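The chain that follows stands alone, in the form predicted on its own, written as structure tokens.
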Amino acid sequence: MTNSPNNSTNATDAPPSVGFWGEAWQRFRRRKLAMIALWFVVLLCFTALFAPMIVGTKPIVCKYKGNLYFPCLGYYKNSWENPVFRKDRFRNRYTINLKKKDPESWAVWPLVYQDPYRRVRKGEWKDRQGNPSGTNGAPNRINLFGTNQQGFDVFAQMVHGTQIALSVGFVSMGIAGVIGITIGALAGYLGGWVDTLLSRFIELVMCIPALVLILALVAMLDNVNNFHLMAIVGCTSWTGIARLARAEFMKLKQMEFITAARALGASRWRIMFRYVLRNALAPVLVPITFGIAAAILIESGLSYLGFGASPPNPSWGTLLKSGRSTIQQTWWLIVFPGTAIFLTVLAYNLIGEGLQEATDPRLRQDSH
């Protein structure tokens, strides 16, 4: 019995393979908690990116003396705010000075008129009362999450603090990933005395308590900023990544496709960073994801202990510190930032677990 043309056509028209990462994404999407956590992190990223448009006292866009300006960019970097407003002595009071200095001016304002770096005074916004301070700053219709002892709005600080939390996590673990993967790749692929020397260096760094090393490095700096924290956390969090990368490179360099690449004349560095690294990257991404959560906890802990970035610093850990002495009267300074830290760390841990199950063949579960 011969095959019909239709049967032979169907046999040859097999669907193309989606590849390793495509299959991993399909398995990851089946895990509801991991997907919810991923969407939560995406929401945080949008909040961090558009924080000046969500809450602030500087216009998103305004027309002043015939020109268009974007004062809200000053929240990202002070130098991005047009110097004309400093020259005309606005002093961050745009609602009053725009009409006073140019009656024909107009402005588009953020969704919530509050500032993370100062107290909003009475009459700044359409006869609104000023922010309360001290123990009187409980959550209300104007101050959604209350205010701190100085009268700074907690909701504004938390929204803008999202930038610090996410940037510290991503940048610090980016630094840790580069250091760890590079050292682990060299140790695992080259072997011999290079492996011995780098392995002893990794063990030496692991013997030093991370928190003690971080506090020692912070103590050496006169004025700590967020970039210092990112570098410090990154330079102390790479050892686990390096050990895992070393093990993956030692395993993969014995595979047949690496032997074939050597036979074809590929150089040692080309094999290491083009062929071996691409196959070792999936398991290395898992500790990096968990490391982002750990970095957020470290930054919050340092800010809570008073070793974080120097003020003004609207981080979640700084809010926790401000409510430490009056925890019974100012519960909102503990509940809201504490909940944000908990949910963010939980989300990254769920993403890490989902990524681990999706990329590790030993942990793959039958989806049927």
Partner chain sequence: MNAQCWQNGFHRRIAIALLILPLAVGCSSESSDPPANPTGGDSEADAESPAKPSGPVVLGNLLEPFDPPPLEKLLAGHKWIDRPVVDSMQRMRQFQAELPPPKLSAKEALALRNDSPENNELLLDTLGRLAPESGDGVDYEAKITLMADADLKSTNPLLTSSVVESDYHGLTVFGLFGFDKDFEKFASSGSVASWQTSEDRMIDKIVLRDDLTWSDGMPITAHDVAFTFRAIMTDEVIVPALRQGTDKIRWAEAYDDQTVVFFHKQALSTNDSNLNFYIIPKHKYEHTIPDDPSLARSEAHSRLEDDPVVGGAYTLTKRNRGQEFVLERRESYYMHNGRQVRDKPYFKTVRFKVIEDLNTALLALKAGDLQSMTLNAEQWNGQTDDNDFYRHNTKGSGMEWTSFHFCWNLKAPYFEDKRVRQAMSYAMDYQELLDTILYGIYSPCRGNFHETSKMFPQDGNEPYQQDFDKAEKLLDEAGWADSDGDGIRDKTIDGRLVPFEFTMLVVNFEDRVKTATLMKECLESIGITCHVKPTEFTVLMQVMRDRKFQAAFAGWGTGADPDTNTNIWGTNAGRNYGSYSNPHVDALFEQARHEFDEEKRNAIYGEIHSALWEDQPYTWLFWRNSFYGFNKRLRGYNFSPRGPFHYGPGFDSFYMPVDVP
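Only a predicted model underlies this, so the values are computations on that prediction, with no experimental measurement involved. Residue numbers count along the first chain shown, from 1.
The discussion below concerns the form predicted together with its partner chain, not included here.
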Worksheet entry | Candidate spot 63, 129 and 160, all three touching its partner chain in the predicted complex (heavy atom, 4.5 Å) | no
Worksheet entry | Interface stretch in the predicted complex with its partner chain - options 245-253, 190-198, 111-119, 176-184, non-hydrogen atom within 4.5 Å | 111-119
Worksheet item: Contact between residue 262 and its partner chain in the predicted complex at 4.5 Å, heavy atoms?
Response: no
Discussion item. I'd like to check something about residue 325: if you look in the predicted complex, is any of its heavy atoms closer than or equal to 4.5 Å to a heavy atom of its partner chain?
Written reply: yes
Discussion item. Even though the partner isn't displayed, in the predicted complex is residue 307 close enough to its partner chain, meaning a heavy atom within 4.5 Å?
Written reply: yes
Practice prompt. Although its partner chain is absent from this view, report whether residue 222 comes within 4.5 Å of it in the predicted complex, heavy atoms only.
Written response: yes
Fill in: The unique member of 283, 123, 139, 134 whose heavy atoms fall within 4.5 Å of its partner chain in the predicted complex
134
Response to the item:
If we test each of 270, 93, 228, 99 for a heavy atom within 4.5 Å of its partner chain in the predicted complex, the one that passes is 93
Response to the item:
Restricting to 66-97, the residues within 4.5 Å of its partner chain in the predicted complex through any heavy atom are 78, 83, 86, 89, 91, 92, 93
